[in-house]
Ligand SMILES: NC(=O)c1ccc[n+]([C@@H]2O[C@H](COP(=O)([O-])OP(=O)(O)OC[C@H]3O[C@@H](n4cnc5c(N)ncnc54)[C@H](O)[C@@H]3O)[C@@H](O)[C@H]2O)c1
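Only one chain is given next, in structure tokens, and it is the form predicted alone.
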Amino acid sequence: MKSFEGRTAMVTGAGANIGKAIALSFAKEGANVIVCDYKENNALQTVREIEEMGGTAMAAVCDVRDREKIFAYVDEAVKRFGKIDILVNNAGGSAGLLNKLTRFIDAERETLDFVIDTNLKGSIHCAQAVLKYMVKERYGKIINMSSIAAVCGLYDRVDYAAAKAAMLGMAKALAMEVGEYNICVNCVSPGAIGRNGEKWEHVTYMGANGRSGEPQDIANAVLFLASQDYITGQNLVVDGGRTLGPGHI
């Protein structure tokens, strides 16, 4: 039997890169997958790939900042699949998505709002939308995609680091509130992850593999946490050892 047979997983930002790898991985392990992405073509492509492998998926085309639409899609998914067992709050990004990386002192209000709303508020919207169903079922896994920026900061990304750190706090506090319902809440904090097959050198402590990670590295961590019933309120850093420190001086 596949690890997530009979389960339903909602993955935001699932149209490409890390989110797509997570969605495909859940599907390979038997889960029904709600593919949430603001780019319709990307969402539909991920759904097609899941269906081609014999899996079941539903496209939810929306921006996670749109609270009403998120709640509507969650209700629709529950009508179709009966429940939502797993939520992966993967949608997010820095001001780089808008080509507006700057020093904090120069950041525009609209850019700050975009980063905070997409990463933090989007995760809050999605968590609130699924929790009423998870509480009813007395089962659930919520996994926030944080970042090493939350652990050690990141240049030109003060707003992003702040949002990702807030997602850590959200997970810890929420884990306390919903544990009695057999719901686990955790975070994964990726380091540098290549996109579309890209790899580049980074300071890690992985010997010959001192490179950027791959989306599947993060998907593996997410599926691990989604399979655990006694790990909650934790942050799993997946960065090849990048945040360990300078090592030999």
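Start at 1 and count along the sequence shown; that's the residue number. Quick caveat, the model's predicted, so the values are computed rather than measured.
In what follows, reference is made to the form predicted in complex with the named molecule, a form of this protein that is not presented.
With the cut-off set at 4.5 Å between non-hydrogen atoms, does N17 touch the named molecule in the predicted complex?
-> Contact with the named molecule, yes.
Would L44 count as touching the named molecule in the predicted complex under a 4.5 Å heavy atom rule?
-> Result no; L44 lies far from the named molecule in the predicted complex.
Although the named molecule is absent from this view, report whether M145 comes within 4.5 Å of it in the predicted complex, heavy atoms only.
-> Close contact exists here: in the predicted complex, M145 approaches the named molecule to within 4.5 Å, heavy atoms only.
Report whether the minimum heavy atom distance between G93 and the named molecule in the predicted complex is within 4.5 Å.
-> Looking in the predicted complex, residue contacts with the named molecule include G93, since a heavy atom lies within 4.5 Å.
Within 4.5 Å of the named molecule in the predicted complex, all of G13, V64 and L97 (non-hydrogen atom) | Judged in the predicted complex, G13, V64 and L97 all sit within 4.5 Å of the named molecule.
Using a 4.5 Å heavy atom cut-off, which stretch among 50-58, 220-228, 33-41, 176-184 contacts the named molecule in the predicted complex?
-> Flagged stretch: 33-41.
In the predicted complex, residues of 112-131 near the named molecule [heavy atom within 4.5 Å] = Counting only heavy atoms within 4.5 Å of the named molecule in the predicted complex, the contacting residues of 112-131 are T118, N119.
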